[in-house]
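Have a look below at one chain only, the form predicted alone, in structure tokens format.
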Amino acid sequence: MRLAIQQFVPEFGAVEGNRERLAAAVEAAPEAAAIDLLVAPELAFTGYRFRDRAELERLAEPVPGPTTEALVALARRLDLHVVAGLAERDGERVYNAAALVGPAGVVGRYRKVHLFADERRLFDPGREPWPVLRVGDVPVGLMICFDWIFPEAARTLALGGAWVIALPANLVLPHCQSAVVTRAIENRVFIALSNRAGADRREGLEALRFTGQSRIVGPDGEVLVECERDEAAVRAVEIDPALAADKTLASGNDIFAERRPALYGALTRPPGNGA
């Protein structure tokens, strides 16, 4: 599989223009003809810094909808699959979502479970677990941004059979790029972290500057490819996804077969209720 990340700088609120610029950047990339799966950032078409729920609702759209239709058209032109983050409207609810699309249409989507900071007053939290979808014969799991700090998210996907985890993000904290190395090692999976670059500067609101440094990490924790902090770029690497099916360490330990779930009850108990 040729796995790619796209680090992108959207213009806030310019949804149609962002769709066109994202697609044009992918098509212009030297790697474009060989990519099998491309991961683009969280909220890649709206921007991130919403003033209020009403502004978010005006920019959100259904899935399937205009943005996923544009991504499907891109997937058909380049014969690839794309994971991208968007604001999804479903009736009166609005989710921070990620969709996986291919030449045949929308494969599936995920609604962000762990909302960060102001997202909690803007978005509805996802109510379904992290999905494992398929790109050809490869099981691909979806997470979004702040899910990275909860090890249960990546572990749930890995136990569900994911070999590759697609992680669209709009990171402002400095830790995720390092943490995904640990998530890859502890689950023996590939992780494609696609962060945005640049900043959202809205009048009357504190500016947010994003940390860039998108990267693809292998099951042994090796950083296979990465971007600089502020660049807009597409980076790709050839991987053997089936390497993630092997959960055995050099020591001979199988990190999944040797789990002891009967002793992990604290993982599902409320905090402070372990005595």
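Here the structure is a predicted model, which means the values were calculated and not measured. The first residue of the sequence shown is number 1, and the count goes up from there.
One more form of this protein exists, namely the form predicted together with a further copy of the same chain; it is left out here, but the text below deals with it.
- [ ] Report the stretch among 135-143, 84-92, 190-198, 173-181 that approaches a further copy of the same chain in the predicted complex to within 4.5 Å, counting heavy atoms only.
- [x] Flagged stretch: 173-181.
- [ ] Could you spot which one of Ile149, Ala73, Leu205, Ala104 gets a heavy atom to within 4.5 Å of a further copy of the same chain in the predicted complex?
- [x] The residue from Ile149, Ala73, Leu205, Ala104 that makes the contact is Ile149.
Open item on the list: When the contact criterion is heavy atoms within 4.5 Å, does Ala242 count as touching a further copy of the same chain in the predicted complex?
Closed with: No, Ala242 is distant from the partner.
- [ ] With heavy atoms only and a cut-off of 4.5 Å, decide whether Trp163 touches a further copy of the same chain in the predicted complex.
- [x] Flag for Trp163 set to no.
- [ ] Mark Asp79 yes when one of its heavy atoms lies within 4.5 Å of a heavy atom of a further copy of the same chain in the predicted complex, and no otherwise.
- [x] Asp79: no, not in contact with a further copy of the same chain in the predicted complex.
TODO: Could you confirm whether Arg121 comes within 4.5 Å of a further copy of the same chain in the predicted complex, counting heavy atoms only?
DONE: Flag for Arg121 set to no.
Task: Sequence-ordered list of residues in 92-130 near a further copy of the same chain in the predicted complex, where near means a heavy atom within 4.5 Å - done: If the 4.5 Å heavy-atom criterion is applied to a further copy of the same chain in the predicted complex, 92-130 yields Val113, His114, Leu115, Phe116, Ala117, Arg120, Pro125, Gly126, Arg127, Glu128, Pro129, Trp130.
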